[in-house]
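Next up is one chain by itself, shown in structure tokens, the form predicted on its own.
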Amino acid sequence: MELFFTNAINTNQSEAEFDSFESQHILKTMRKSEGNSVHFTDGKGKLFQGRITETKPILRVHYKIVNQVPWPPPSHSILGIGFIRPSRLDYMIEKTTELGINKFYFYASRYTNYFTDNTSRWDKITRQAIKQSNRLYLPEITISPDFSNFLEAVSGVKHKFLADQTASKPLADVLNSLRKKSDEDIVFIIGPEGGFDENEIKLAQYHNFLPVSFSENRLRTETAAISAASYINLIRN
């Protein structure tokens, strides 16, 4: 199934409109035209099927709902990531979204060397990723100005883990114990390129984060994030 995205939906008239970014994908890349059938999602758990009724000046589709899953999601797969270089961050967002992460927190910490609060580029990346993977949830993206602010934001999550190469507990063992609790929220935090400093690790442990090792090898931030997302995806499915 080729999946598209829009949140401009008129429920009274069963009609949806697509912005220029999505319209170009539908018309130029996928070669769709007036009268063609399309599937699309609103990123909030609904799958629509419709027929293109107009392409200019705005792409419009008359639709019906063909599938609907619970909204908000019954559980969150959460990644907290220290800011890294944009090209690597983009790649990480794309791949972990495809693997089912539905909430991101990006935070500034002692060793972060990059910061932005402009999420528009990432919104496009996550849109493309859910379409690629046929997922119906568009991830939430939150910017935390500092590490402690992020820890407070996820204080209500029960299962919390911190990536630490020196930790005695391996990630695989910890997640195996979660298989019977796979419908509950899970959050992983991963440091920036310079990792966590000692005080940040202590602060995370104070907030009930369990340090776990991902590998005997030292992993880049984006590699660790993809590993965490893969493990979560495994126990969720």
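Position 1 is the first residue in the sequence shown; the rest follow in order. Source: prediction; values computed, not measured.
FYI, the form predicted together with a further copy of the same chain isn't displayed, but the following is about it.
Residues of just one listed stretch (32 to 40, 164 to 172, 58 to 66, 204 to 212) have heavy atoms within 4.5 Å of a further copy of the same chain in the predicted complex: 164 to 172. Only one of A108, V154, L138, L99 lies close to a further copy of the same chain in the predicted complex, with a heavy atom inside 4.5 Å, and it is L99.
Contact between K160 and a further copy of the same chain in the predicted complex is not found at the 4.5 Å heavy atom cutoff. Remark: R179 counts among the residues lining a further copy of the same chain in the predicted complex, judged by a heavy atom distance of 4.5 Å or less. The closest heavy atom approach of I226 to a further copy of the same chain in the predicted complex falls within 4.5 Å. With a 4.5 Å cutoff on heavy atoms, K124 does not count as touching a further copy of the same chain in the predicted complex; it lies far away. Annotation for 103 to 141: interface residues with a further copy of the same chain in the predicted complex are K131, Q132, S133, N134, R135 [heavy atom within 4.5 Å].
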